[in-house]
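Before any questions on how it binds or moves, here is one chain, the form predicted on its own, in structure tokens.
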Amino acid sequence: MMTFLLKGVLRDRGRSLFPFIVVTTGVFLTVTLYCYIRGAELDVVRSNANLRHGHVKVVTRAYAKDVDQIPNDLALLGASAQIRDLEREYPDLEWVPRIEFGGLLDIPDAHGETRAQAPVAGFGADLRTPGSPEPGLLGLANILVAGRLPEASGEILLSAGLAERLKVGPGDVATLIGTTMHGAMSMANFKVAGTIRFGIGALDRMGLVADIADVRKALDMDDAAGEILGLSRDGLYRPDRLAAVAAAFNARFAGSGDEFLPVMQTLRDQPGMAMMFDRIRDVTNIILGVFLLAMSLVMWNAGLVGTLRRYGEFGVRLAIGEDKGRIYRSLVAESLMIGVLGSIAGTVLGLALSFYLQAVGINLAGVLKNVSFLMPIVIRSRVAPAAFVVGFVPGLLATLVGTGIAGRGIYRRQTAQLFKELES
């Protein structure tokens, strides 16, 4: 029976072509958008984890309360010892110290007078220690625009946009004016080793990267760190597992009121990140729901039209004694076949485009021009395992729901009217 129905679906294009196109288009859009959202999520998580928050972050309790203000006067002391302890307790995480800071970058002219100034938002990372993971985490070799990476003390990297605005380049001297850990004014001279472009609007406008040893010297933060970031060695963010790690770590200091004791936070705990994760989840669910609803309505209308066109066929089948339930089930089986075929075709097309976007990406430089949080400019799709099956949810449910509703008309057929229809 199924073979007979399949032949009917394939041979009668009048009743199968339009539903097939609808299902294929809907599944194609669902798979493409799903992969794009997964890629955007992965890129945003990677950018925020590697550049700022880590998968988990250890700071003092006081620092955590005012983290948006970057209060380096509340930084962690004895950072080296704390990192050794963290590495011993959590060897599956890579632990790195960071110091975030803000200030004013002053560019002198040939006479030592101020030629240009601009506010900067920078961070110090371990760039020069052999074997340090920081250059790889930050991807500095890939984003270097001009010059080279810092090799000696007192060398910094500037974002390309900031360097262009200040009209400086590799070899030029710049003075960082800021505040020390103890609240005193700080002035330190640096040499621009190179310029970089993160591909993230906020950093490309005012970013500065320096070796953490130079930042400690400039800000009077000997063996201190504003934050100690922990990142999974395989690069994957596992929120449930890391939340358990943070909870266990924090439970050790739960009985003390000392504001300078360390506290561990996950990436989701950082400002704005929980909202971002929830929005991504909501958008994914909305996309699936909208396509399911829209396709169900279209398939319902298509089923109604097809049922009206096949009234004569149904009448003959009822006249020769076929059961209404059997006819209804055959109609649902036909729609299921169309749903399967359309879902396969739509998934293949969606995955093909998603693999292309995974390799090439979409540049959102114009859209993200004024964005202030860490958002990569080039968004790439990510073909996750779920992408191979996610399109079958709206593809099959829409056809079954639409046909199921439209097919109820079969049960309203009155046998007394059959002979009149057959005579006409």
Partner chain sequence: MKRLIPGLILLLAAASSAALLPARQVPAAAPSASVLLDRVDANAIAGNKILIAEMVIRGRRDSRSVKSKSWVQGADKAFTEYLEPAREKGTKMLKLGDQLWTYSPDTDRTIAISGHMLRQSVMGSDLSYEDMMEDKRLRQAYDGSVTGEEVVLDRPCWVVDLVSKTGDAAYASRKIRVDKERFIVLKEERFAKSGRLLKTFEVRRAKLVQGRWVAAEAVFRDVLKQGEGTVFKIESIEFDAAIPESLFTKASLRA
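Remember, it's a predicted structure, so these values are computed and weren't measured experimentally. Residue numbers count along the first chain shown, from 1.
Same protein, other form: the form predicted together with its partner chain, not shown, and the subject of what follows.
Exercise. From the list G235, P135, P108, G169, which entry has a heavy atom within 4.5 Å of its partner chain in the predicted complex?
Worked result: It is P108.
Problem set entry | One residue of Q117, N250, T284, Q270 in contact with its partner chain, assessed in the predicted complex (non-hydrogen atom, 4.5 angstroms) | It is Q117.
Exercise. Given that the partner is absent here, does I362 sit within 4.5 Å of its partner chain in the predicted complex, heavy atoms only?
Worked result: It does not: once its partner chain is placed as it appears in the predicted complex, I362 has no heavy atom within 4.5 Å of it.
For this session: Give a yes or no for L77: in the predicted complex, does one of its heavy atoms lie within 4.5 Å of a heavy atom belonging to its partner chain?
Result: Because a heavy atom of L77 falls inside 4.5 Å of its partner chain in the predicted complex, the answer is yes.
Exercise. Just to confirm, R148 within 4.5 Å of its partner chain in the predicted complex by heavy atoms?
Worked result: Output for R148 is no: heavy atoms all beyond 4.5 Å of its partner chain.
Exercise. If you check in the predicted complex, is D278 within 4.5 Å of its partner chain, heavy atoms only?
Worked result: Outside the cut-off, so no.
Exercise. What stretch, of 100-108, 197-205, 348-356, 238-246, brings heavy atoms to within 4.5 Å of its partner chain in the predicted complex?
Worked result: That would be stretch 100-108.
For this session: Counting only non-hydrogen atoms and a 4.5 Å cut-off, give the residues of 160-176 close to its partner chain in the predicted complex.
Result: Residue within 4.5 Å: T175, and no other.
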